[in-house]
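In the block that follows, a single chain appears as C-alpha cells, in the form predicted on its own.
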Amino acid sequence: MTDDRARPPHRGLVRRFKVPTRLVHWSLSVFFILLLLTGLTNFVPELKTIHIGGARLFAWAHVALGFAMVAVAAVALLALNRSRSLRDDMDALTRNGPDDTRWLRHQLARLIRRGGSEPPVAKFNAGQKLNALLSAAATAGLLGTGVILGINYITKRVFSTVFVADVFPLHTWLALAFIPVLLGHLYLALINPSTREALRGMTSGSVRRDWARRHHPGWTPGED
C-alpha cells in the first residue's frame, strides 16, 4: 500500500488526503446537503404541496435520500476498517492534546485583538476537530431520528403517533441548529482567503507546500 505521506508529482504541492478520505467526505457531504435542502421545503408551502403520483415530491425525495444516506454511512464505516489512510485521518482528527487548547485560546485572543504567536498545528487544528465532532453528532442524531420518521412515512404501524410527534421537532431542530456550523464550514472552504486552499486538498488531494508550512507546520510531509 502506498504511504499516505508520499510526495505528489508537483514539487510545489504536498499530498494531504488520499482517495478514500475524499470519497467519504464528499459522499456524506452531498447527501447531507441534499437532505437539508429537501427538508427545508417543509418551510416553503409552495414547494411542500407539490405532488407527483399522489405523493408529496420533496417529502418522498427526503425519505429516499435519508435511507440512501444510512447506506452511505454504513459503507463509510466499512471503508474505515479497510483503508489505512482513512483510519490515519480519523485518528488525527479525533486525537486531542494541549496544542488544541492553545490554538483555541489563540483564536479567542485574535477575536479580542490581542497578539501572540499561533501554536503549532498538526494535520488538523482544533477548529477542524470541533467541526468534525459537531458534524458527526448532528449526522448521527439526524439519521437516528430520520430513520424513525422515514419508517413512519412508509407505514404508520411501527411507531405510535405520540412518539413520532416527539421525534419530529427534535429532527427539525437538530437540522436547524447545524446550519450555522455548515455555513461556517462553507465560508472557510470557499471564501476565506487564508483557508480556501484546504478545499484543494479535498478535491485534488494536494495543497500548496507553502500553505501547509504556514497553517500545519507540525504535519507538512516531505520536509526531510
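The structure displayed is predicted, hence computed values, not measured ones. Each residue number is its position in the shown sequence, starting from 1.
Beyond what is shown, the protein has a form predicted together with ligand HEM; the following relates to that form.
When ligand HEM is placed as it is in the predicted complex, are 117, 126 and 219 each within 4.5 Å of it, taking any non-hydrogen atom of the residue? No, because 117, 126 and 219 lack any heavy atom that approaches ligand HEM to within 4.5 Å in the predicted complex.
Using a 4.5 Å heavy atom cut-off, indicate which stretch of 81-89, 143-151, 97-105, 118-126 touches ligand HEM in the predicted complex. Contact criterion met by 143-151 only.
Does at least one non-hydrogen atom of residue 70 fall within 4.5 angstroms of ligand HEM in the predicted complex? Residue 70 belongs to the contact set for ligand HEM.
So in the predicted complex, does any heavy atom of residue 192 sit within 4.5 Å of ligand HEM? Contact check for residue 192: no, nothing within 4.5 Å of ligand HEM in the predicted complex.
Going by a heavy atom distance of 4.5 Å, is residue 186 a contact of ligand HEM in the predicted complex? Output for residue 186 is no: heavy atoms all beyond 4.5 Å of ligand HEM.
Please check if residue 40 has a heavy atom lying within 4.5 Å of any heavy atom of ligand HEM in the predicted complex. The answer is yes: residue 40 has a heavy atom within 4.5 Å of ligand HEM.
If you apply a 4.5 angstroms heavy atom cut-off, which residues in 55-79 are near ligand HEM in the predicted complex? Those in contact are 56, 59, 62, 63, 66, 67, 69, 70.
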